[in-house]
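In the block that follows, a single chain appears as structure tokens, in the form predicted alone.
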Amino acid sequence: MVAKRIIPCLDVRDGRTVKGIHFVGLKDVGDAVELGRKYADEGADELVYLDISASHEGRKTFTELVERIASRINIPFTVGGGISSLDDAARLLGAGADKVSLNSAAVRDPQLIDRIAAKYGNQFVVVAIDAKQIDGVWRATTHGGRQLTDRELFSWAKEAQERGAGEILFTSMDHDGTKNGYPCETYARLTDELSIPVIASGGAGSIQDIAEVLTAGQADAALAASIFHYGEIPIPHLKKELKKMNINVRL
């Protein structure tokens, strides 16, 4: 049985890790490389770095940061944020990232998934879906949940898989930042309908929340930010508790 993964997520602006709610009220929480190293040393299975810099100069800084991360951190890491072309993906994979995460650009141009998967392989492509429930239907959003699209979560995830995505990172915008747990029934349905791994994101407030999404929700991995950045749930403690619940994690 494949071990479940614990994945800290680091939002990066101009080379620094920041945390806010929907990119508002951002606070500096530390150097992106050093924080990533700390999480790796504590037993994180992977890392996700999201570039939230708006400027071209910020993008250049992020590429340089990816090179530093690759030289200092010994666990796989995914990078995302503003990747909208094969050249963007090539630059970041060339700098040492293990995978790229696509979100808004894949909604706009689904063939971007095909192009990157065809050049690098499915295992390099993560498609991130931020969705919210509207009249009982999970609708994909872009721009940090602010713009609603006509894409429906399950059909869009299946299309992304068919186009070459190696993993789906699903964030419920209804649960994100609430620390009230995950929509486990939705995750369970998503994992049933897909043959690729599903990463759960948005809603982690307790060890029990993470345990539930990895068991009842059948997610392959749990991604979180605040609970790790602010030391609310240290990774070694989280993994020991999950192990006690007979959840297969690497210690």
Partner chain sequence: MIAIVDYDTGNLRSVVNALQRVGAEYLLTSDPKTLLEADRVLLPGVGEASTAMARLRERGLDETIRSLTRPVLGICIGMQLMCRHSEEGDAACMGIFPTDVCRFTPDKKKGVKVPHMGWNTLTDLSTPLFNQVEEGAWVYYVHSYAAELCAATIARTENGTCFSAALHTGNFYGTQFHPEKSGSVGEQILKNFLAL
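Here the structure is a predicted model, which is why all the values come from computation and not from measurement. Residue numbers count along the first chain shown, from 1.
What comes next is about the form predicted together with the partner chain, which is not displayed.
Though the partner is left out of this view, residue 77 does reach within 4.5 Å of the partner chain in the predicted bound form, counting heavy atoms only. Proximity of residue 31 to the partner chain in the predicted bound form falls outside the 4.5 Å heavy atom cutoff. In the predicted bound form, residue 185 stays away from the partner chain, with no heavy atom inside 4.5 Å.
Proximity of residue 177 to the partner chain in the predicted bound form: non-hydrogen atoms within 4.5 Å are absent; the residue sits far from the partner. Listed residues 52, 207, 216, 194 were compared with the partner chain in the predicted bound form; 194 is the one with a heavy atom within 4.5 Å. For the residues 105, 117, 148, 93, the 4.5 Å heavy atom test against the partner chain in the predicted bound form is passed only by 93. You can rule out all but one of 138-146, 162-170, 108-116, 177-185: in the predicted bound form, only 162-170 has residues with a heavy atom within 4.5 Å of the partner chain. Not one of 11, 130 and 134 is positioned with any heavy atom within 4.5 Å of the partner chain in the predicted bound form.
With contact defined as any non-hydrogen atom lying within 4.5 angstroms of the partner chain in the predicted bound form, the contacting residues in 57-74 are 67, 70, 71, 72, 73, 74, given in sequence order.
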